[in-house]
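We begin with a single chain expressed as structure tokens, specifically the form predicted alone.
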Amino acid sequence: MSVLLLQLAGPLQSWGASSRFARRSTENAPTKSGLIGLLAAAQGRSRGDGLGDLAGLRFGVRADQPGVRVRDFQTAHHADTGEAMPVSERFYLADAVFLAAFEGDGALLEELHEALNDPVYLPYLGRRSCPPARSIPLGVREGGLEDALNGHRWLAAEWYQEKRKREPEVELGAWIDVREGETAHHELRDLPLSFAPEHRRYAMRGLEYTRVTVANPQGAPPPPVPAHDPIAALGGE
């Protein structure tokens, strides 16, 4: 078994799984459907092409730097009539960083890694207005999904690591696909069956939420607490 690792960092990200009409929300972490779309675009697949091989990969994501949720209002006018369209709300994650991983067949993951290094269509972080700030592919490694999410170094920005310098080790939240037969903590309509514009289809995906611990490169143990002896200050014994 092999694992393809991706890093997702940028000024803004947005990963909607249930957005409708004028309110476009974001999940707290990248969705499997969003990243399968990114992989398919890197390979140059059209929206009507099959996704079975990508959807069959086991997926997990770790929140290295959760970011801050921000809201934007957008207005638009109809291209033909000029009439004002309804004001829409769009939500984003600002200054977030994630480590994502796909587990599956090594040959397929190597193909995807090569495609990400030379993508047919440029990648974006959930919406076209959200370009990545770092290179996305981190390579293909042997092993399982959980080991990859537990063993990879912390990807948070240096200023964020410095902010938590009193923690030599930090706990990070992670969402992982449950295996067949396991009980899911949460379900999300996030497994793409087709991206065809006339008939987009998604299935439910079972998730497990867990926490992993990683080392903080900027971490230092807290300073020692000075001895406290008020009697000595009064000259007593």
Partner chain sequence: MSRTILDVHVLQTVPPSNINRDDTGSPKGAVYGGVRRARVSSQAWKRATREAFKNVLDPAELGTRTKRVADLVAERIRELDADIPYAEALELAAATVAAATGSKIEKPKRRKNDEEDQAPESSYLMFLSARQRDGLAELAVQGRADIKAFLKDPENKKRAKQIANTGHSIDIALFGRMVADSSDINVDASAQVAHAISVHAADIESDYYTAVDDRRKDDEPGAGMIGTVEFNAATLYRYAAVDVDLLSANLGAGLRDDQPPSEPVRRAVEAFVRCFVESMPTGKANTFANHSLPDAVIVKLRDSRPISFAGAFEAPVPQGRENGQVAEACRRLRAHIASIEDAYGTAEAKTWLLRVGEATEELEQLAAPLPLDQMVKEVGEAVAARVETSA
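This structure is a prediction, so every number in the text was calculated from the model and none was measured. Residue numbers count along the first chain shown, from 1.
One more form of this protein, predicted in complex with its partner chain, exists but is not displayed; see below.
- Site residues Ala100, His185 and Val214 are none of them in contact with its partner chain in the predicted complex, judged by any heavy atom within 4.5 Å.
- Taking non-hydrogen atoms only, Pro137 approaches its partner chain to within 4.5 angstroms in the predicted complex.
- With a 4.5 Å cutoff on heavy atoms, Leu108 does not count as touching its partner chain in the predicted complex; it lies far away.
- In the predicted complex, its partner chain sits beyond 4.5 Å of every heavy atom of Arg141.
- In the predicted complex, its partner chain lies farther than 4.5 Å from every heavy atom of Gly181.
- Picking from 204-212, 190-198, 54-62, 173-181 the stretch near its partner chain in the predicted complex, with a 4.5 Å limit on heavy atoms, gives 190-198.
- Applying a 4.5 Å heavy atom cutoff to its partner chain in the predicted complex picks out Leu116, Asn117, Asp118, Pro119, Val120, Tyr121, Leu122, Pro123, Tyr124, Arg128 from 112-128, in order along the sequence.
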